[in-house]
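Take a look at this one chain, the form predicted alone, written out in C-alpha coordinates.
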Amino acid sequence: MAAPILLTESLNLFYGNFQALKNVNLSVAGRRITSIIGPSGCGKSTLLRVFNRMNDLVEGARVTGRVLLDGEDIYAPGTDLLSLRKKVGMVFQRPNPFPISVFENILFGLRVHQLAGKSKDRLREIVKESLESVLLWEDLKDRLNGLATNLSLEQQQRICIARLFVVRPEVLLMDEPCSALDPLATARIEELMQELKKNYTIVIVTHNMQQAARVSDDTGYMYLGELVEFGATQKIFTTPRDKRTEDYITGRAG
(Lines give C-alpha, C1' and ligand atoms only; values in the text may rest on other atoms or scores of the structure.)
Protein backbone atom coordinates (compact mmCIF):
# COMPACT_ATOMS: atom_id res chain seq x y z
CA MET A 1 0.00 0.00 0.00
CA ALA A 2 1.27 3.48 -0.88
CA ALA A 3 2.27 5.84 1.90
CA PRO A 4 -0.54 8.21 2.97
CA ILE A 5 -0.52 11.81 1.78
CA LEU A 6 -1.84 13.06 5.14
CA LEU A 7 -1.29 11.37 8.48
CA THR A 8 -2.13 12.39 12.03
CA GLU A 9 -0.47 10.75 15.01
CA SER A 10 -1.97 11.21 18.51
CA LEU A 11 -3.34 14.58 17.41
CA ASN A 12 -4.87 16.79 20.09
CA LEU A 13 -6.07 20.35 19.67
CA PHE A 14 -6.91 22.74 22.49
CA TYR A 15 -8.60 26.14 22.49
CA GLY A 16 -7.36 27.40 25.82
CA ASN A 17 -8.56 24.80 28.33
CA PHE A 18 -11.09 23.25 25.96
CA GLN A 19 -9.96 20.12 24.11
CA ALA A 20 -11.54 20.12 20.64
CA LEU A 21 -9.69 17.09 19.19
CA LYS A 22 -8.74 14.02 21.20
CA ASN A 23 -5.95 11.64 20.18
CA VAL A 24 -6.92 11.54 16.49
CA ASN A 25 -5.04 9.01 14.36
CA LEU A 26 -6.01 9.31 10.70
CA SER A 27 -4.42 8.18 7.44
CA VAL A 28 -5.55 9.85 4.20
CA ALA A 29 -4.64 8.07 0.97
CA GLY A 30 -3.71 9.94 -2.18
CA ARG A 31 -6.12 10.54 -5.06
CA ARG A 32 -9.12 9.39 -3.09
CA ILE A 33 -12.04 11.21 -1.50
CA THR A 34 -12.11 10.98 2.28
CA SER A 35 -15.24 12.20 4.05
CA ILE A 36 -15.53 13.20 7.70
CA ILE A 37 -19.02 12.85 9.17
CA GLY A 38 -20.57 13.35 12.59
CA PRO A 39 -23.03 15.55 14.50
CA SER A 40 -22.67 19.32 14.75
CA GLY A 41 -19.86 20.41 17.05
CA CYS A 42 -18.04 17.07 16.96
CA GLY A 43 -14.77 18.49 15.57
CA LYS A 44 -15.14 17.77 11.83
CA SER A 45 -14.29 21.25 10.58
CA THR A 46 -11.70 21.69 13.32
CA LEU A 47 -9.88 18.60 12.06
CA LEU A 48 -10.07 19.85 8.47
CA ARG A 49 -8.49 23.16 9.44
CA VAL A 50 -5.61 21.35 11.14
CA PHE A 51 -4.40 20.21 7.73
CA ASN A 52 -3.50 23.72 6.56
CA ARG A 53 -3.07 25.24 10.03
CA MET A 54 -6.02 27.59 9.79
CA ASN A 55 -6.62 26.96 13.48
CA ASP A 56 -3.45 28.98 14.09
CA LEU A 57 -5.66 32.03 13.51
CA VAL A 58 -7.71 31.23 16.64
CA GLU A 59 -6.34 32.77 19.81
CA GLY A 60 -5.27 30.16 22.33
CA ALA A 61 -5.18 27.27 19.82
CA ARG A 62 -2.55 24.66 20.65
CA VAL A 63 -1.72 21.36 18.94
CA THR A 64 0.06 18.31 20.31
CA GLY A 65 0.96 15.19 18.35
CA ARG A 66 2.00 15.22 14.72
CA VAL A 67 0.39 16.03 11.38
CA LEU A 68 2.41 14.78 8.42
CA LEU A 69 2.05 15.93 4.82
CA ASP A 70 4.16 13.81 2.48
CA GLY A 71 6.01 12.58 5.57
CA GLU A 72 6.90 16.04 6.91
CA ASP A 73 5.45 17.42 10.14
CA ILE A 74 3.54 20.59 9.24
CA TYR A 75 3.62 21.71 12.89
CA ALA A 76 7.40 21.52 13.11
CA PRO A 77 9.17 24.79 14.00
CA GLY A 78 10.01 26.87 10.95
CA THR A 79 7.22 25.50 8.75
CA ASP A 80 6.48 27.94 5.90
CA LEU A 81 2.72 28.50 6.17
CA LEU A 82 2.44 30.16 2.76
CA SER A 83 4.06 27.12 1.16
CA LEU A 84 1.83 24.78 3.19
CA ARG A 85 -1.35 26.55 2.11
CA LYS A 86 -0.15 26.40 -1.47
CA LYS A 87 -0.01 22.61 -1.16
CA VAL A 88 -3.26 22.29 0.83
CA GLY A 89 -6.09 24.42 -0.55
CA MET A 90 -9.48 24.95 1.05
CA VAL A 91 -13.04 25.42 -0.20
CA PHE A 92 -15.57 26.75 2.30
CA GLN A 93 -19.28 26.21 2.96
CA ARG A 94 -20.36 29.32 1.12
CA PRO A 95 -18.60 30.34 -2.09
CA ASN A 96 -16.26 33.26 -1.43
CA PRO A 97 -15.14 34.70 -4.77
CA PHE A 98 -13.56 38.14 -4.55
CA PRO A 99 -15.59 41.12 -5.90
CA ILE A 100 -13.35 41.36 -8.94
CA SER A 101 -13.44 39.84 -12.40
CA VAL A 102 -13.53 36.11 -13.10
CA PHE A 103 -10.11 36.47 -14.75
CA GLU A 104 -8.52 38.16 -11.71
CA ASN A 105 -10.17 35.71 -9.29
CA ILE A 106 -8.48 32.81 -11.04
CA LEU A 107 -5.10 34.54 -10.99
CA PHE A 108 -5.33 35.66 -7.36
CA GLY A 109 -3.22 32.76 -6.10
CA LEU A 110 -0.47 33.62 -8.56
CA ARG A 111 -0.37 37.16 -7.20
CA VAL A 112 -0.19 35.94 -3.60
CA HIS A 113 2.57 33.45 -4.34
CA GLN A 114 4.44 35.93 -6.55
CA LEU A 115 4.25 33.75 -9.62
CA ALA A 116 2.55 36.23 -11.92
CA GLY A 117 5.54 37.41 -13.97
CA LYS A 118 4.11 35.81 -17.10
CA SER A 119 2.94 37.08 -20.47
CA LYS A 120 -0.71 38.00 -21.04
CA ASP A 121 -1.07 35.05 -23.38
CA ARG A 122 0.28 32.68 -20.75
CA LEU A 123 -1.99 34.16 -18.07
CA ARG A 124 -5.02 33.66 -20.29
CA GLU A 125 -3.88 30.10 -20.95
CA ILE A 126 -3.66 29.49 -17.19
CA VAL A 127 -7.15 30.88 -16.68
CA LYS A 128 -8.47 28.69 -19.50
CA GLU A 129 -6.85 25.57 -18.05
CA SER A 130 -8.20 26.30 -14.58
CA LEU A 131 -11.75 26.94 -15.79
CA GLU A 132 -11.63 23.83 -17.96
CA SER A 133 -10.65 21.79 -14.89
CA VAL A 134 -13.95 22.76 -13.24
CA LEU A 135 -15.97 22.54 -16.49
CA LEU A 136 -16.64 26.29 -16.70
CA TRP A 137 -14.59 27.47 -19.67
CA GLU A 138 -17.36 27.18 -22.27
CA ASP A 139 -19.79 29.00 -19.98
CA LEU A 140 -17.47 31.83 -19.00
CA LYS A 141 -14.95 32.30 -21.82
CA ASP A 142 -16.83 35.39 -23.00
CA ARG A 143 -17.47 36.68 -19.46
CA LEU A 144 -13.95 36.72 -18.06
CA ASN A 145 -14.08 40.45 -17.32
CA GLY A 146 -17.42 40.21 -15.49
CA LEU A 147 -17.67 40.19 -11.71
CA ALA A 148 -17.35 36.70 -10.26
CA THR A 149 -19.86 37.66 -7.56
CA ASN A 150 -22.56 37.98 -10.24
CA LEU A 151 -22.37 34.28 -11.11
CA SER A 152 -24.71 31.59 -9.78
CA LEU A 153 -23.76 30.03 -6.44
CA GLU A 154 -22.70 26.83 -8.17
CA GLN A 155 -20.50 28.74 -10.61
CA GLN A 156 -19.03 30.76 -7.73
CA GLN A 157 -18.12 27.55 -5.90
CA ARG A 158 -16.47 26.20 -9.04
CA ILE A 159 -14.54 29.47 -9.39
CA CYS A 160 -13.27 29.05 -5.83
CA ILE A 161 -12.06 25.55 -6.68
CA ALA A 162 -10.48 26.69 -9.95
CA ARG A 163 -8.70 29.49 -8.10
CA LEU A 164 -6.85 26.87 -6.06
CA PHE A 165 -5.66 24.92 -9.08
CA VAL A 166 -3.49 27.75 -10.36
CA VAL A 167 -0.94 27.10 -7.60
CA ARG A 168 -1.16 23.32 -8.11
CA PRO A 169 -2.09 22.03 -4.63
CA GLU A 170 -1.74 18.40 -3.63
CA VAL A 171 -4.75 18.30 -1.33
CA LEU A 172 -8.19 19.92 -1.53
CA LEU A 173 -10.04 20.47 1.75
CA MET A 174 -13.79 20.96 1.32
CA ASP A 175 -15.82 22.15 4.30
CA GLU A 176 -19.46 21.31 3.45
CA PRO A 177 -18.99 22.73 -0.07
CA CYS A 178 -22.57 22.00 -1.12
CA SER A 179 -24.44 23.29 1.93
CA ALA A 180 -25.44 26.53 0.15
CA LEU A 181 -26.39 24.82 -3.11
CA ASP A 182 -29.64 23.37 -4.40
CA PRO A 183 -29.88 19.62 -5.17
CA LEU A 184 -29.07 20.01 -8.89
CA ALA A 185 -26.01 22.16 -8.22
CA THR A 186 -24.96 19.73 -5.48
CA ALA A 187 -25.11 16.82 -7.94
CA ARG A 188 -22.92 18.73 -10.38
CA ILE A 189 -20.32 19.54 -7.73
CA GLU A 190 -20.30 15.88 -6.69
CA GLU A 191 -19.69 14.86 -10.31
CA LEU A 192 -16.87 17.39 -10.45
CA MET A 193 -15.30 15.88 -7.33
CA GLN A 194 -15.17 12.48 -9.01
CA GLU A 195 -13.24 14.04 -11.89
CA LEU A 196 -10.93 15.97 -9.57
CA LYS A 197 -9.84 12.94 -7.56
CA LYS A 198 -8.02 11.66 -10.65
CA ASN A 199 -5.41 14.32 -9.90
CA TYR A 200 -6.02 15.49 -6.33
CA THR A 201 -6.50 14.14 -2.84
CA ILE A 202 -9.81 15.41 -1.43
CA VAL A 203 -10.92 15.58 2.19
CA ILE A 204 -14.54 16.66 2.61
CA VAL A 205 -16.52 17.49 5.72
CA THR A 206 -20.22 16.93 5.21
CA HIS A 207 -23.32 16.86 7.38
CA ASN A 208 -25.04 14.92 4.59
CA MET A 209 -24.50 11.20 5.09
CA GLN A 210 -26.02 10.40 1.69
CA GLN A 211 -23.43 12.64 0.10
CA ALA A 212 -20.62 10.93 1.98
CA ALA A 213 -21.91 7.54 0.85
CA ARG A 214 -22.17 8.73 -2.77
CA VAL A 215 -18.86 10.49 -3.28
CA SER A 216 -16.24 9.19 -0.86
CA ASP A 217 -13.89 6.24 -0.91
CA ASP A 218 -13.11 6.40 2.82
CA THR A 219 -15.12 7.78 5.75
CA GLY A 220 -14.36 8.77 9.31
CA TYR A 221 -17.02 9.23 11.99
CA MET A 222 -16.29 11.82 14.68
CA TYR A 223 -17.99 12.33 18.02
CA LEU A 224 -17.04 14.82 20.75
CA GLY A 225 -13.62 15.44 19.24
CA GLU A 226 -12.77 11.77 18.86
CA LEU A 227 -12.33 9.88 15.60
CA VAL A 228 -14.53 6.96 16.56
CA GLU A 229 -14.11 4.90 13.42
CA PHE A 230 -12.41 5.17 10.03
CA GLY A 231 -12.40 2.88 7.02
CA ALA A 232 -13.73 2.18 3.56
CA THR A 233 -16.99 4.06 3.04
CA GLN A 234 -18.98 0.98 2.06
CA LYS A 235 -17.89 -0.82 5.21
CA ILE A 236 -18.57 2.15 7.48
CA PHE A 237 -22.10 2.47 6.12
CA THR A 238 -22.96 -1.22 6.04
CA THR A 239 -21.01 -2.96 8.82
CA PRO A 240 -19.54 -0.38 11.23
CA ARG A 241 -17.50 -1.80 14.08
CA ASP A 242 -18.50 0.77 16.72
CA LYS A 243 -22.06 1.04 18.01
CA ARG A 244 -21.77 4.83 18.14
CA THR A 245 -21.12 4.87 14.40
CA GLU A 246 -24.03 2.55 13.76
CA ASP A 247 -26.37 4.65 15.90
CA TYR A 248 -25.43 7.82 14.01
CA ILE A 249 -25.72 6.29 10.55
CA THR A 250 -29.09 4.68 11.32
CA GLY A 251 -30.44 7.90 12.82
CA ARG A 252 -30.71 6.63 16.38
CA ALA A 253 -28.22 9.26 17.53
CA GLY A 254 -26.90 12.57 16.29
Partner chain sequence: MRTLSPRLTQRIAFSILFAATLFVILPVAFIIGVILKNGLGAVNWEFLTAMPRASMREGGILPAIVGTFCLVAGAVLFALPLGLCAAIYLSEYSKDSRLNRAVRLAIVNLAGVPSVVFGLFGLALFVGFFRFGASILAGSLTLGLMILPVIITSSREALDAVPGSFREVSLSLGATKLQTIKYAVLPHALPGILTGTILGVGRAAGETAPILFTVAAFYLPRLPRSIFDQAMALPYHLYVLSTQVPNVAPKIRYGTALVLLAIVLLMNFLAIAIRSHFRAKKKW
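Numbering follows the first chain given and starts at 1. Quantities reported herein were computed from a predicted structural model and do not represent experimental measurements.
Just so it is clear, the following notes concern the form predicted in complex with its partner chain, a form of the same protein that is not shown.
When its partner chain is considered in the predicted complex, only one residue from 103, 137, 98, 75 comes within 4.5 Å through any heavy atom, namely 98. With the partner omitted here, the residue from 144, 153, 126, 112 that has a non-hydrogen atom within 4.5 angstroms of its partner chain in the predicted complex is 112. Within this chain, residue 149 lines the site of its partner chain in the predicted complex, having a heavy atom no more than 4.5 Å away. The shortest heavy atom separation between residue 184 and its partner chain in the predicted complex exceeds 4.5 Å. Its partner chain is not shown here, but in the predicted complex it comes within 4.5 Å of a heavy atom of residue 49. Heavy atoms of residue 54 reach within 4.5 Å of its partner chain in the predicted complex, making it an interface residue. Of the stretches 159-167, 128-136, 176-184, 67-75, only 159-167 has residues with a heavy atom within 4.5 Å of its partner chain in the predicted complex. At a distance of at most 4.5 angstroms from its partner chain in the predicted complex, all three residues 59, 88 and 108 contribute at least one non-hydrogen atom.
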